[in-house]
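Coming up is one lone chain in structure tokens, specifically the form predicted alone.
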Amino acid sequence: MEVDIKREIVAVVTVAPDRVVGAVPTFLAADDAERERIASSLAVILRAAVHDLGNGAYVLVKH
């Protein structure tokens, strides 16, 4: 039995832009509260799940 799970990183929201590398849309926030607001709004707009990486960045993933 084969299960095909596709996940795609669609955006990153961060307060630490120096920690983001790669070709993914990145949204910069001024503080943690703004980071959370932006990530929540983008999750609804993009129909994506928000995951806290614990390093000042949220990653939005389509499952």
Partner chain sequence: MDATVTAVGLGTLLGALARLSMLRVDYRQYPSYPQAYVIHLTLGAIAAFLGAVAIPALLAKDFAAGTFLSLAATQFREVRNIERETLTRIESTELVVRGTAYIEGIARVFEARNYIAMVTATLSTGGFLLADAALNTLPAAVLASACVGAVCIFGLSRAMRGLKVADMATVRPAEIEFDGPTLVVAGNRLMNVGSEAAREKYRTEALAVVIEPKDPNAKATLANTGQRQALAHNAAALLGVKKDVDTPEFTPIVRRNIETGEVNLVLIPAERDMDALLRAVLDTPVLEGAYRRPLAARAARMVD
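Residue numbers count along the first chain shown, from 1. If you're wondering where the values come from, they're calculated on a predicted model, not measured in any experiment.
The next section is about a form of this same protein that is not shown, the form predicted in complex with its partner chain.
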Legend entry - its partner chain contact at Val50 in the predicted complex, heavy atom, 4.5 Å: yes
Inset, instruction - Look up in the predicted complex whether Ala43 has a non-hydrogen atom within 4.5 angstroms of its partner chain, and give yes or no. - result: yes
Inset, instruction - Would you please decide whether Glu34 lies within 4.5 angstroms of its partner chain in the predicted complex, comparing each non-hydrogen atom pair? - result: no
